[in-house]
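Given next, in structure tokens, is a single chain: the form predicted alone.
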């Protein structure tokens, strides 16, 4: 006979036939921690039903261009925790951070120097740098996947009626010296979507939904471990209270105002503009 004392061990014992040992380990831990949570908090039937309803509504918000479960993981700090657990990198390598919920479409391949801001309206800037190995050796032919919100804080998939597909996105390949550069607009702080269950959770807990200004990157190269990261704009609001806990000090960069005519000619952009320059450092695989 099952009781509240025996149910946990019985549920764990039911996994004995699981062929995959890692799956058995994960489910065993999940069962034990969930049962311990229910006992510790005295979870009521009404609260359990409300939680099931919340998860159901979270699933209903998911589409091919929106992942509400990733957003939920982000605001609970789980995404950042998993990234940190798995992001053990050599000293000096670029630190990783969360993927976020908007890497949902394939970035279009673009030539170095291309402008990924297809709608305008934001402050023009150039982002440049190199992808290098841990010893500083440049990595020619490395791939840089870039995505960001527009000047109003929205991704292309959020406003398809106002932004063409691929706005704020680009897939670049470094040159013979490992260099990359592209034109865009200076990112701005923006709120994560609040029109779904995650937004209701933030409201219920008195939390703001804002993220500091940033650009997303995935850098990859042959024989090296890819890194998923952001570059945050120095001085941006919310650097100390990012809604998804993703800010790391090493990822904060200056977007420096400039009217240098030689730089304007080099990057094919009109003065004045802002310029952010940094290296992305990858570990050997």
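Positions refer to the first chain, counted from 1. Keep in mind the model is a prediction, meaning the values are calculated, not measured.
Another form exists, predicted together with a further copy of the same chain; not displayed. Remarks below refer to it.
The partner is absent here, but in the predicted complex a heavy atom of 77, alone among 113, 134, 165, 77, sits within 4.5 Å of a further copy of the same chain. Using a 4.5 angstroms threshold between heavy atoms, residue 83 counts as touching a further copy of the same chain in the predicted complex. Proximity of residue 262 to a further copy of the same chain in the predicted complex falls outside the 4.5 Å heavy atom cutoff.
Although the partner is absent here, residue 233 lies well away from a further copy of the same chain in the predicted complex, with no heavy atom inside 4.5 Å. Taking the partner from the other structure, a further copy of the same chain in the predicted complex has a heavy atom within 4.5 Å of a heavy atom of residue 207. None of 124 to 132, 197 to 205, 176 to 184, 153 to 161 except one has non-hydrogen atoms within 4.5 angstroms of a further copy of the same chain in the predicted complex; the exception is 197 to 205. Along 114 to 135, a non-hydrogen atom within 4.5 Å of a further copy of the same chain in the predicted complex is carried by no residue at all.
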